[in-house]
Ligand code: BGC
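Shown below, as structure tokens, is a lone chain in the form predicted on its own; questions about how it binds or moves come after it.
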Amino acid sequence: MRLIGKAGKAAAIAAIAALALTACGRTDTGTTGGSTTGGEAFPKDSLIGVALPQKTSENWVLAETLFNDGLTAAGFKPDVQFANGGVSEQQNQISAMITKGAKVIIVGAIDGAQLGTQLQQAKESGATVIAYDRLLLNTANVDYYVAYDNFKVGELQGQALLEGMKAKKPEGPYNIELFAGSPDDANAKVFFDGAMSVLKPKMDDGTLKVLSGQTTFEQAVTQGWKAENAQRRMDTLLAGTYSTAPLDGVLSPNDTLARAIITSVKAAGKPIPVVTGQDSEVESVKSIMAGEQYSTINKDTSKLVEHAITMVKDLQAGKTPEINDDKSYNNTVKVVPAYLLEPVIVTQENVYTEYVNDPVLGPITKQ
């Protein structure tokens, strides 16, 4: 997911407009919190609220434009808000959407566990709540979840790390370090758990060594998904643990942090290890082409927004939105019916073909 230029933005918006004019923790336990149905239809020109988090990565900036234009093209009145002031601002924004009479509220939460009061108010008002990209936690008042398969994202990152290191050095053991996202983002632990499902067996058999000893999610987190926090931690690791020992790989949960980690390694004058990422940010795709960042994950924001708008259209017509996963996303109170899109891993091997039809990355990666 990424920010795109004017031509790419126009193409993405056009795709969603064309559609509009046509008809946290991952687990396999728990019970669904009752069946979710389409409910009563509502007017086509209804207000649709979209509460987005802080502008910490390119995908959120793009989502704002796509939601505004896609919902407008579908005949709705969008109210798209960013909560750059933090959780309390997002709480106030959702309350304001309820007061304005929003029929559907799409929530990309800053902290999915701190919106319980507002989501209760939303349900009492008759609004449908859709968790977007990040699961809403500890509440029964969320109807649907639309996202990429975040556990699989982590699995792909773990696989890429192993494959990248083996390609550079066929025989282990390998020294690695683990980075995770922000602890207030419900996705961060899911990404980490997915990666660890691949890496932990290799840590147990000695193939992988984390010389810092920082192997838990709590030890690996990057508060706020901020690049400076990741770079500071990497600086500390390089100056201490890896002052003489080689570093073969770094699990990075997204592209912004991957580039910060690489910046730290370069500043220390050390060889760049295998570094993973996510979101297909333009600068990271260029870095992959240059042989620095090893991998990213392609999660097309336009497709995610497109499906969220499809859900809104179904609800407006009184239909039950399509889901493809009704057992995996337990928010501690209920298992939230989800529609999951498939992520794709990108390395130098497929970077020139994966984005061939992308309006921005296609020209960049054209050979």
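The structure displayed is predicted, hence computed values, not measured ones. Note that residue numbering begins at 1 and tracks the sequence as displayed.
Just so it is clear, the following notes concern the form predicted together with this ligand, a form of the same protein that is not shown.
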Spell out, yes or no, whether the shortest heavy atom distance between F191 and this ligand in the predicted complex is within 4.5 Å. yes
Consider D248 of the chain shown here, and say whether it contacts this ligand in the predicted complex, taking contact as heavy atoms within 4.5 Å. no
So in the predicted complex, does any heavy atom of T276 sit within 4.5 Å of this ligand? no
With the partner left out here, check for me: in the predicted complex, does some heavy atom of Q293 sit within 4.5 Å of this ligand? no
Only one of N59, N330, Q316, N298 has a non-hydrogen atom within 4.5 angstroms of this ligand in the predicted complex; which is it? N59
Let me know the one among Y242, F82, F76, W225 whose heavy atoms come within 4.5 Å of this ligand in the predicted complex, would you? W225
The chain here is shown without this ligand. Which stretch in 266-274, 84-92, 132-140, 164-172 comes within 4.5 angstroms of it in the predicted complex, by heavy atom distance? 132-140
Any residue of 161-195 with a heavy atom within 4.5 Å of this ligand in the predicted complex counts; write them all down in order. D185, N187, F191
